[in-house]
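Given next, in structure tokens, is a single chain: the form predicted on its own.
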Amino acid sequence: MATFSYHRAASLDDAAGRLAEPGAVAIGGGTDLLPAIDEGLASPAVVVDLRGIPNGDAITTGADGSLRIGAAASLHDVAAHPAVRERWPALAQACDAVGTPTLRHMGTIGGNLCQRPRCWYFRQGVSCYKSGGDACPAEHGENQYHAIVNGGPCHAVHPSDPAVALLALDASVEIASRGETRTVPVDEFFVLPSQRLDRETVLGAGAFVSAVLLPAQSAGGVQFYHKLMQREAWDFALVSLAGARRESGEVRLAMGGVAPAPWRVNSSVEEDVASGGLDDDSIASLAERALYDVEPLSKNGYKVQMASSLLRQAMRQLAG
């Protein structure tokens, strides 16, 4: 393993300053960065630990009923937090679906959103777009776990479970950097390979996730997170779905395991689900419409059937 220096940040400004230095990278729980270093995908000069930032792991409710989750909060603590479990259960379920209990205690919500793809070509050092190559070996190779929508030129899917729930809940991501803090909607935080190949988020040099923000209007109602895996537990999603029907009646449907970024179902489909009174034929038709633009690769067509099944199940739950 490559050598690097370690710095435990004492404040947001301290973290931003050190991360602005050449070769500096942020670390939360280390469950993705350390394997990436071992696999030769990262070679930091200095690792900046964000867990020393005061209240960096705090989960607090605002006066308006919103929720702020510090990026250093562990996935276990997010899943177990009473406010999250009661008012945003889709996020609690998604955090509880990540890996093993040990990984959930170590991994942070901020780090989980920023983890790199799990494509076996990328992780094993095979030349690909993500590693600076000029082709995607998965496109015509072993692509069982790859994208069926929005793929290309890279077809790896984003591995985060919480990101899918956060998309359905209209969450935002707070980004800190030297001299400023800004907030972006979660659907603008993740980027497609057609936009950027070196990373999967809008984070630039020296920037890091400082918090996740949940609006009050997305709390309550009917919420859930469903995840289909190759194994029954401790695996990444083949296909996942977060659904929410707000108290206002609005419906949100977001999917994971199907695209290089968390993927939200067309708003016209959500509106038809929100109208309610759907029979099985109408639900089947809406699921088909939601997946109209999918383009499965040679070995992952099964994901279309999985996605359709999850959508139909979710629509029955949300249609009232």
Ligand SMILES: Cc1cc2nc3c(=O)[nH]c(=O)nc-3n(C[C@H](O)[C@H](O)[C@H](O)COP(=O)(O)OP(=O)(O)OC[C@H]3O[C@@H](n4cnc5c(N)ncnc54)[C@H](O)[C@@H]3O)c2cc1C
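All figures in this text were calculated on a predicted structure; none of them were measured in a lab. Counting begins at 1, following the sequence as shown.
Beyond the structure shown, there is the form predicted in complex with the ligand, which is absent from this document and is the topic of what follows.
Visitor: Contact with the ligand in the model of the complex for Gly152, defined as at least one heavy atom pair within 4.5 Å: yes or no?
Guide: Gly152 lies outside the contact set for the ligand.
Visitor: Can Leu228 be called a contact residue for the ligand in the model of the complex at 4.5 Å between heavy atoms?
Guide: Judged by the heavy-atom cut-off of 4.5 Å, Leu228 is well away from the ligand in the model of the complex.
Visitor: Mark Val239 yes when one of its heavy atoms lies within 4.5 Å of a heavy atom of the ligand in the model of the complex, and no otherwise.
Guide: Heavy-atom contact with the ligand at 4.5 Å: absent for Val239.
Visitor: Might Cys128 be said to contact the ligand in the model of the complex, defining contact as any heavy atom within 4.5 Å?
Guide: Cys128: no, not in contact with the ligand in the model of the complex.
Visitor: If you check Val184, Leu213, Leu197, Leu103 against the ligand in the model of the complex, which one has a heavy atom within 4.5 Å?
Guide: After the contact test, the surviving option is Leu103.
Visitor: Which one, Ile148, Ala90, Ala71, Ala156, lies within 4.5 Å of the ligand in the model of the complex by heavy atoms?
Guide: Checking each option against the ligand in the model of the complex, the one that comes within 4.5 Å is Ala71.
Visitor: Name the stretch, out of 289-297, 59-67, 258-266, 32-40, where some heavy atom lies within 4.5 Å of the ligand in the model of the complex.
Guide: Within 4.5 Å of the partner lies stretch 32-40.
Visitor: Listed by sequence position, which residues of 156-175 have a non-hydrogen atom within 4.5 angstroms of the ligand in the model of the complex?
Guide: Result: Pro159, Ser160, Asp161, Pro162.
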